[in-house]
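Quick setup: one chain, the form predicted on its own, written in structure tokens, and binding and motion questions come after.
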């Protein structure tokens, strides 16, 4: 590392402070690819924290990544409520059959104890191992599902949306349980070794519900939850759109927002100004088909749209690289960031004039 080169943590902290670091930070988030890297089936991989940690360290070195992803699979939270995770050969684990069916079922729920659930304990062990592997030079990122998005697994999407639209008041007891669990789970990860949390709220996105619903329901819950999480957070709508609720997102107290590939990154940057760092917005599904030229174009577009002045982290827009994205594309992304992400971004004005 050159004398002027920042560590990943320094680079990310400068960005979160809305300053220009030495280069645009890169958060590449491969998860299921780790099973191939370690040569084991996905089920075995996700049940072995040491394998996930080893793969994450390998990926960081290979792709010059500026974080380690202390995340296993979203259905781990569903398991804590008595659900089952379904494992596949070449895709992320998914939630099994819903464990709740009507509002009458909410009365029997209690906040799960983190230590009682092996899937959660494995995630905490993963984060502890990642922290030991890199010391304080690289941020470890954890994940929590928002109390409003977790019911997609608990109830199933169709039943949940019907209640959300037709009987929203019936969901209050479930949201209250989920709030307490979300806070406890977030703080357990921070204590284990995570430096920051991604607050996943796909249901809150403008892709799924109207902005008025976000303002009335999701934003107040996010504000309460984020105020109780003992570390930095970024709100992630899991490739859902957020432009029309950005002001509300800012007011929740989040430390950043992840932008969908379906939105104009420059418009998002202009809308949040110097109030909030933004992350985004490479389309993971599209990158399955990118060649070297298209990869470089996508990276340059994103950096030109949002990188000037700092406050921008380049990442995919969903929070997980699809299994069938070729490794060469991830390498091309890393090389393009190294080539075009160095501050000051003196090339951007000319690039904008041509595009």
Partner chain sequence: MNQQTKPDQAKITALQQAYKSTLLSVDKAQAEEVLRTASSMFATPLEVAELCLAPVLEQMGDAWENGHLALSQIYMASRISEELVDRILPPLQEMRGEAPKIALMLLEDHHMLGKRLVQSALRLAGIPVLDWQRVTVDELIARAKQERPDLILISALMLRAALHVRDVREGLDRAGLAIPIYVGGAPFRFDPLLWQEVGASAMGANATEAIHLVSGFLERRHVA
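Positions refer to the first chain, counted from 1. Note that the structure is a prediction, hence the values are computed from the model and not measured.
The following text describes the form predicted together with its partner chain, which does not appear among the structures shown.
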To test your reading of this chain, name the stretch in 291 to 299, 322 to 330, 24 to 32, 61 to 69 whose heavy atoms come within 4.5 Å of its partner chain in the predicted complex. 322 to 330
Look up in the predicted complex whether residue 170 has a non-hydrogen atom within 4.5 angstroms of its partner chain, and give yes or no. no
Any non-hydrogen atom of residue 96 within 4.5 angstroms of its partner chain in the predicted complex: yes
Heavy atoms within 4.5 Å of its partner chain in the predicted complex: does residue 279 have any? no
Does its partner chain get within 4.5 angstroms of any non-hydrogen atom of residue 165 in the predicted complex? yes
Should the three residues 152, 210 and 283 be counted as contacting its partner chain in the predicted complex, with contact defined as a heavy atom within 4.5 Å for each? yes
Just one of 176, 125, 105, 262 has a heavy atom within 4.5 angstroms of its partner chain in the predicted complex, so which one? 262
Identify, from the list 119, 266, 161, 191, the residue with a heavy atom within 4.5 Å of its partner chain in the predicted complex. 161
Looking in the predicted complex, the residues of 56 to 94 with a heavy atom no more than 4.5 Å from its partner chain, listed in order, are 86, 88, 91, 94
